[in-house]
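Before any questions on how it binds or moves, here is one chain, the form predicted alone, in structure tokens.
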């Protein structure tokens, strides 16, 4: 099993001391993840691989003046720590000076975390993962489908410390499952995914059922021409818009005129109504529904924070360097962001569409233009035509090119349920928006 928090903290303290013994002037930060990972993969309706491993990853950052370097090792015994300390310090001494370097942070009081560790999940046996795979395979076979997927468990301890007195620890357990079902003729595909902190909360039958239902419904898709459509984005698709918006909410990019959030003439568009009043983006690792680490990789506390409140920009991601340069406050680096749920039922979201497209998820999304918040990507694993509030047919996939800002500005419906997407720290409801640019047809299934 991974190191206990006390053991991990002791390793961090020991390596910090070793660097200071070599050079008392050195500025040092040590970050140790000790974890166990386990996985079961299934494909073509059978289990294909299974494996488990335990590992420790210690990252040591050392600075001498404004010269700094980083070294990583998985050897956390005395000899390994001595070698790592010497290597990191040697690299720092020959590195070029970094004018933006800031000393490591001192002691911090992180907010009290919500529970993120479950003993049963941490010790989940391989039989439990195999059972989840079996449930998925049987669901697919019953419908004449082929299914593939991945069941993975993770439990880990994170210890973070600095030569300035910082000492923080975090512990997490996690179980994830994804499944993709395909029709025998290769024309239909469905997908579903879930991540839970407690293994007993994973419903493999429900997850596989969603993937299989999507696959069956998407068989033999109808041709639909590209164009601008009203779209209903399921949570996994809507979460991509959230992710890119959060990435773009960077104070430095905005202040330097490289962002959609840059104000003409200089500065950033803080306090402006830029998105629909329905859109509120938050990060809250202290919350029971979005639990996560309550400090970042530098040791900065991560309390609950609202980025966008009913369409109004309230906060930007701000590094320590940029905060010092501009007289602001560093935000900390949050691991998750959520779109707050609305009040619409699934039926209400559909009923508001005269003719549009239901999208399960996006894939291979990338930036096109940060100054307009335009991204591109492909639809995947279930794309459907909606007419008069009813799903009437499967259609081909598309490549889209759209401004996330415009998509949020035209948002006129948000689901009342916001499931976890990708990780427990992020939640997102289904989202309806108008005039979404499905730019070209994709031949991918």
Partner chain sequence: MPALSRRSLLQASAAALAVSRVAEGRGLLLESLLQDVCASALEAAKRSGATYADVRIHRRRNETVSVRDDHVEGVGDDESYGVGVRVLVDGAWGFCSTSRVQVSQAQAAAKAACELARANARVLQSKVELAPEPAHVDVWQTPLEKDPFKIPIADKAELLLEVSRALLAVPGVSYATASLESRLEWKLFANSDGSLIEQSITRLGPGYEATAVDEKSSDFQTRAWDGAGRQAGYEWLEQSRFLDDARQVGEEAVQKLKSPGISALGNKHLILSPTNLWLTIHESVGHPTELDRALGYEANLAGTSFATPDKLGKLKYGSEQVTLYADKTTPGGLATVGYDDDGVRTQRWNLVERGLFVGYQTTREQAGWISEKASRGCSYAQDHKSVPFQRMPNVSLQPGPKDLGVKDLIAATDDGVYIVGNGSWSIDHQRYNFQFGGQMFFEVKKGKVTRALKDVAYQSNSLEFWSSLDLLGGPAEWKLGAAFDDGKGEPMQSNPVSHGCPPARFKANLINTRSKKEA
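Residue numbers count along the first chain shown, from 1. For clarity, every value in this text was computed on a predicted model and none was experimentally measured.
Another form, the form predicted together with its partner chain, is not on view; read the next lines as being about it.
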Discussion item. Just to be sure I understand the contacts: of 98, 277, 354, 347, which is the one whose heavy atoms reach within 4.5 angstroms of its partner chain in the predicted complex?
Written reply: 98
Worksheet item: its partner chain isn't shown here, but in the predicted complex which of 266, 165, 78, 304 has a heavy atom within 4.5 Å of it?
Response: 266
Worksheet item: Looking at its partner chain in the predicted complex, is some heavy atom of each of 203, 338 and 404 within 4.5 Å of it?
Response: no
Fill in: Region of this chain that lies against its partner chain in the predicted complex, out of 108-116, 168-176, 323-331, 253-261 [heavy atom, 4.5 Å]
253-261
Worksheet item: Taking the shortest heavy atom distance, is residue 370 within 4.5 Å of its partner chain in the predicted complex?
Response: yes
Practice prompt. Please run the contact check for residue 316 against its partner chain in the predicted complex: heavy atoms, 4.5 angstroms, yes or no?
Written response: no
Worksheet entry | residue 214: touches its partner chain in the predicted complex, heavy atom cutoff 4.5 angstroms | no
Worksheet item: Hey, in the predicted complex, is residue 154 touching its partner chain, heavy atoms inside 4.5 Å?
Response: no
Discussion item. If you apply a 4.5 angstroms heavy atom cut-off, which residues in 351-368 are near its partner chain in the predicted complex?
Written reply: 361, 363, 364, 366, 367, 368
